[in-house]
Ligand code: NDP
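Given next, in structure tokens, is a single chain: the form predicted alone.
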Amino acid sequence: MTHNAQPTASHFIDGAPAEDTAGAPIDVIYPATGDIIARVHGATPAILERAVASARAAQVDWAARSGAERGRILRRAADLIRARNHDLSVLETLDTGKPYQETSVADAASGADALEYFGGMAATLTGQHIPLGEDWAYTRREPLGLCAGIGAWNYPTQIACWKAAPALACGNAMIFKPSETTPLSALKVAEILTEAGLPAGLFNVVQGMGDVGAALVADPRIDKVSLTGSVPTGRKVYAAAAEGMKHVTMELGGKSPLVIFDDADLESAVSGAILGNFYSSGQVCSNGTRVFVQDGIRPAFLSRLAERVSQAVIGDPMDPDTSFGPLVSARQLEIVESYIARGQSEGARLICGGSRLSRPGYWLAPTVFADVTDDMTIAREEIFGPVMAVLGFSEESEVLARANATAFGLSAGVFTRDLTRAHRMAAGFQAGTCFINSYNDAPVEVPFGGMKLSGVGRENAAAAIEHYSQLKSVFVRMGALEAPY
């Protein structure tokens, strides 16, 4: 069955769809079938110029509005997204291949949550009064100006909203460049924001490959760059942003540990491992892909895990019963297959999966390796696919040291019934986002981000406001001022 998801135009600029077919063509492929379902064009210099100029012009008036007025528009957009959740979820499934069972609850819904949360917060963004004897000072919280958002292909709608909501709440404008693999849903977010009353130019979407992102980052009129992507991309973008002293948020990759103690609830621990490795076919930056299982529970864990993984419903992603979908692209499938081959050649024991499924599209069976050691490639490098590595351990202090022995530090999880041990582990993990008896929850009320190579800055919660605004201090002298001459 072929789907047509062709948008009105490739870009969304100054409140309306915009096209320039001189830009490089980008085919949009439905990962479940390999069919081309749409085509967009990369942004030309003329398109980028329009995007930047319209955003700069619109931002001045937007910053002058009250926070309450800005917030009202964001909350209206959240309501529209919720009302259209079905259509947006279908589009997200076409764009990413993720099952509708997932996109209908996790993608547009999370985007709406962000718009609602920051919409509610917009009116509360104030400075402070600082008494200094008879003199005093005050601070003003002001927008940064024009922010560039650069998205990843695994959560296109969510990432667009996670970046746009705090940026707009603080009085900034944003130009958003989706991943070239998933260009469709950000255009819908832009349409909905405009329909909700967002003035033209404040949320512009431009398509393109890495060169378009690089042009945005290098533009002196851009004040901040927020990237979700891989560590190699993050290093390049961070370095380029540093040239212009731009503010940055970097939400990068990970190789996160999930530690399961003997006393853990077995079913919950297996659920955590499944959610932390196979949700979105494993294409989640925070996934707990190094699953450390204590010696006593490991045989039972592996046996129950294999049983439950065999119950995954692999089928048409549009079928609400399907619970496991394809990888996003042919390239991603090749990358993941090469890691599976490395795992086997380095001596890991394949428990299940390990091969591509014989059907059109980019399908790979959920894969579990046991007897993995810390030095194996599959235990050190981010795979970004449905490949779980199970490692053994005996002692708490040993597993904590091994869990932290990585250049990444995005997430970490622990399953145990021992309350003090759970909090001890959470305190000891070198990771920005930790979970106790759970994995990969991302409510907008909680800051999300990484340590070490996994990034800088935080998304979501009140913490995001710090990354989309700046403080101005104003000193007020109430009496006469003296000078030595």
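Numbering starts at 1 and follows the sequence shown. For clarity, every value in this text was computed on a predicted model and none was experimentally measured.
Quick note: we don't show the form predicted together with the named molecule, though the next part is all about it.
The stretch from 133-141, 109-117, 206-214, 351-359 that comes within 4.5 Å of the named molecule in the predicted bound form, counting heavy atoms only, is 206-214. This chain is displayed alone, yet in the predicted bound form one of Gly97, Gly288, Gly151, Pro166 has a heavy atom within 4.5 Å of the named molecule; that residue is Gly151. For the residues Ser179, Thr406, Thr367, Ser89, the 4.5 Å heavy atom test against the named molecule in the predicted bound form is passed only by Ser179. For the chain shown alone, Pro257 is not a contact residue for the named molecule in the predicted bound form, no non-hydrogen atom being within 4.5 angstroms. Interface membership of Leu410, defined by any non-hydrogen atom within 4.5 Å of the named molecule in the predicted bound form, is confirmed. When contacts are judged by a 4.5 Å heavy atom cut-off, Phe384 counts as touching the named molecule in the predicted bound form. Contact check for Tyr439: no non-hydrogen atom falls within 4.5 Å of the named molecule in the predicted bound form.
Using a 4.5 Å cut-off on any heavy atom, the residues of 214-234 that reach the named molecule in the predicted bound form are, in sequence order, Ala214, Val217, Leu227, Thr228, Gly229, Ser230, Thr233.
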